[in-house]
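Here you get one chain, nothing else, as structure tokens; it is the form predicted on its own.
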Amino acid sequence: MPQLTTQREAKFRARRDQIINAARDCFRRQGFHGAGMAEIAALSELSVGQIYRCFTNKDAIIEEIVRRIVNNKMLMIARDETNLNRLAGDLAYRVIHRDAQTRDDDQALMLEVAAEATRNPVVALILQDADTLLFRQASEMLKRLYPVLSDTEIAARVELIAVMTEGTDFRMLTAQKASPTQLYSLYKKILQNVFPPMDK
């Protein structure tokens, strides 16, 4: 019986992944309003009924997409937590995410989420919850690294990093107008000024 349950769970997860992949493509091409459940069903090669067995509505699909993007960001934060030079380089060279295709897709989808949040209170709450989760994760990571900083000092630094990374995400839509080498030097100075040296 456990084997059968595991197989069912795996099939359910695979079906959700299939729906999410199709929805990401539809939302990127047509926006949340332009993409209907019928189109997502057609692209995922499932029926609308099968989609509703996995997700209660389109907002639930959006919530799962945002959750996955946030989880990827949290993994990136954890991986790079001690490397301020790498963060400076990522910002300067606009490589916030390592995989260019994922970066472009996630960036476009989060911009779509932000636009939808201005019209849809459910999506606004999803975005707010995602931001709270990321902020808490980043704060906990910085507190481990810099225990001498107060909670308000940690919060200010997390907000600064959020503004720099999210601003860079938005700026990726335009041609870079400054030398990445000079930007790297500036970002390094900023990060060195706001983060105290860690004890060896």
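Position 1 is the first residue in the sequence shown; the rest follow in order. Please read all numbers here as calculations on a predicted model, not as lab measurements.
Form predicted together with a further copy of the same chain: not shown, discussed below.
- Screening 62 to 70, 41 to 49, 140 to 148, 163 to 171 for residues having heavy atoms within 4.5 Å of a further copy of the same chain in the predicted complex returns a single hit, 163 to 171.
- For L127, a non-hydrogen atom is located within 4.5 Å of a further copy of the same chain in the predicted complex, even though that partner is not displayed.
- Although the partner is absent here, R157 is a contact residue: one of its heavy atoms lies within 4.5 angstroms of a further copy of the same chain in the predicted complex.
- When a further copy of the same chain is considered in the predicted complex, R13 lies well away from it, no heavy atom lying within 4.5 Å.
- For the chain shown alone, A108 is a contact residue for a further copy of the same chain in the predicted complex, at least one non-hydrogen atom being within 4.5 angstroms.
- Annotation for 120 to 139: interface residues with a further copy of the same chain in the predicted complex are L127, Q128, D131, T132, F135 [heavy atom within 4.5 Å].
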